[in-house]
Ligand SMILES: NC(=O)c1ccc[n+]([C@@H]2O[C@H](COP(=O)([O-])OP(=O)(O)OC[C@H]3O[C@@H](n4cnc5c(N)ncnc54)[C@H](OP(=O)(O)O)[C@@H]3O)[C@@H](O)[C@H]2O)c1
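Below you'll find only one chain, the form predicted alone, shown as structure tokens.
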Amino acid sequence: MSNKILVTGATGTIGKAVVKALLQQNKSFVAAVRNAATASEKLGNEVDLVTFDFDDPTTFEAATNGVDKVFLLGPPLVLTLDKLLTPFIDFLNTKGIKRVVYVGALGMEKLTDLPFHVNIIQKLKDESFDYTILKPSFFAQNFKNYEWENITQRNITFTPAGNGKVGFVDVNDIALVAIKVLTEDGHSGKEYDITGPETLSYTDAASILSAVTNKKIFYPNPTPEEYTDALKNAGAPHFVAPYMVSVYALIANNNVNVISPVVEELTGKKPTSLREVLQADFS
């Protein structure tokens, strides 16, 4: 056994954190990327890269050469993610690479109109993969990654999350959990909810942002219609608003108002708070 890990989604928010943690812990891995030149700029020259595309089965064989476990992370905003990932999962099954750590999302089983995570997880179970499922909560880094202009230029955080609460999670904590389950025994067949240390509303987040940025940040609590209009006016593809409204409804309906002990139980460290992440991102 080589104990070599293939990291898909390596240049994304979670993927970059996983790659960083694997490097720090000197683990054997290869990062699957579509464009090696661009990925090298994001990940660093010391990372071993391999060309890979879920849409191109001809890339599967070389990407999995010498690999015996896969960190399976699909691209965001793909409504048919299960159909996109199925050929690769079938390839892994045929090749005999059965150890898969799949990244789903906390609460997604409640969204019957977006069943892709549920379908993928069921496929891994039905086909007897040696699986572990990670279900992270909403990322604390999303405020910087997706709302930087809203926060820094308009003094708002703008999502249709109502007054519900969620345990915002640091992606670096997700990565540490991922490394544990990828490199240690005892996690086969398990599903782990991954959250931060406390549940907060977007009103709470706006208060923290106000303190961190030293200016008043508001949460206008937009309706789904107001949010949809804002995305449309910004030129977002037509499918994005319905998708995001459904996802943020998990918060609005308090379906993700939970705290999980997984980060501390598996890594030995307390999960990083939203305030700590925002201080690093906006101070």
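These numbers were taken from a predicted model, which means no experiment stands behind them. Counting begins at 1, following the sequence as shown.
Only in words, not in the display: the form predicted together with the ligand, which the text now covers.
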Task: Heavy atom contact within 4.5 Å of the ligand in the model of the complex, the stretch among 157-165, 181-189, 125-133, 102-110 - done: 102-110
Task: Residue (of L22, V263, A10, L274) lying close to the ligand in the model of the complex, criterion heavy atoms within 4.5 Å - done: A10
- [ ] Quick one: from E41, E61, D55, E225, grab the residue that has a heavy atom within 4.5 Å of the ligand in the model of the complex.
- [x] D55
Open item on the list: Can you work out whether H117 and the ligand are in contact in the model of the complex, taking contact to mean some heavy atom pair no more than 4.5 Å apart?
Closed with: yes
Task: in the model of the complex, G74 touching the ligand (heavy atom, 4.5 Å) - done: yes
Open item on the list: Whether N142 contacts the ligand in the model of the complex should be assessed with a 4.5 Å heavy atom distance threshold; does it?
Closed with: yes
Task: Partner proximity in the model of the complex: I97 to the ligand, non-hydrogen atom cutoff 4.5 Å - done: no
Task: Within 4.5 Å of the ligand in the model of the complex: residues from 78-97 (heavy atom criterion) - done: L81, L84
